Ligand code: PXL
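Shown below, as structure tokens, is a lone chain in the form predicted on its own; questions about how it binds or moves come after it.
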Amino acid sequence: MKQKKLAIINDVTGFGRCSVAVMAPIVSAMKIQAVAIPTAILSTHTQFPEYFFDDYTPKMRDYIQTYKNLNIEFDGIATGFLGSKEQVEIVIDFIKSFRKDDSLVLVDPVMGDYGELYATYTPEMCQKMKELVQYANILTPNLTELCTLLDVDYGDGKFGMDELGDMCRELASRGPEHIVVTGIPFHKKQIMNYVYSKDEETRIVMVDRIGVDRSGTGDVISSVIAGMCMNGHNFYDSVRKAAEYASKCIRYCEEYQVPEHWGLCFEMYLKDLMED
């Protein structure tokens, strides 16, 4: 079987287990070649009290041009946090240039959480993310991001199943075939992932709430979903595997009291992602 290649458009952070540092080894364990397209270079991520940061935006077009000149082909594209309007425009151009008819395009719209947007997400930036969503066939928003992309008031963050279904259908009408709304609190002791695919019955994936929120969890989940789908698994099974894998990693972190900003100790269970 020909090995597949996934372009990962995200920042490269040295310590803290997030973005490319998480996504590349996870998809590599799933026998997919990971190709990094850096948006920024950081020594540690921004939840640490000190970090080095180098914005890679001015270099991204020249970096990508190399792949165009060499006629490199990708079977999948996955995007993470994007820090500016120009980066979103570069990503859209990348997708237009490299997407094939059967390509996987996963967009993780990292915009905010708990009803609050990150400081970089101005109304103009939110509008650009709405444009990017049109090019995805898989979308992995949390509830805050789902509401923002649809201009829905987050309110107290409590939405019924029918409301979630209506929101996903509306967002899917703009492009994505598959959507999972991640990390929805459910009865204080569980986390719900709402799984939507066009023309299919909606399903949910439940996991236990374990400890506190940990940085990089979304990157772990999106990379497992991308790898599973690229390896021929259906979307629901991919989400279930991703949620179970992340939960196992979080449980290990809680047991060994790993600081939450150190991310998930995903390395301990990479063998669980390997297939014959």
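Throughout, we count residues from 1 along the sequence that is shown. Here the structure is a predicted model, which means the values were calculated and not measured.
The same protein also exists as the form predicted together with the ligand; that form is not shown, yet it is the one meant from here on.
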**Request:** Only one of T46, N231, S28, S247 comes within 4.5 Å of the ligand in the predicted bound form by heavy atoms, so just point that one out.
**Result:** T46
**Message:** Given a 4.5 Å cut-off on heavy atoms, tell me which of 64-72, 238-246, 38-46, 223-231 is the interface stretch with the ligand in the predicted bound form.
**Reply:** 38-46
**Asked** Which residues, if any, of 8-35 lie within 4.5 Å of the ligand in the predicted bound form when only heavy atoms count?
**Response** D11, T13, C18, S19
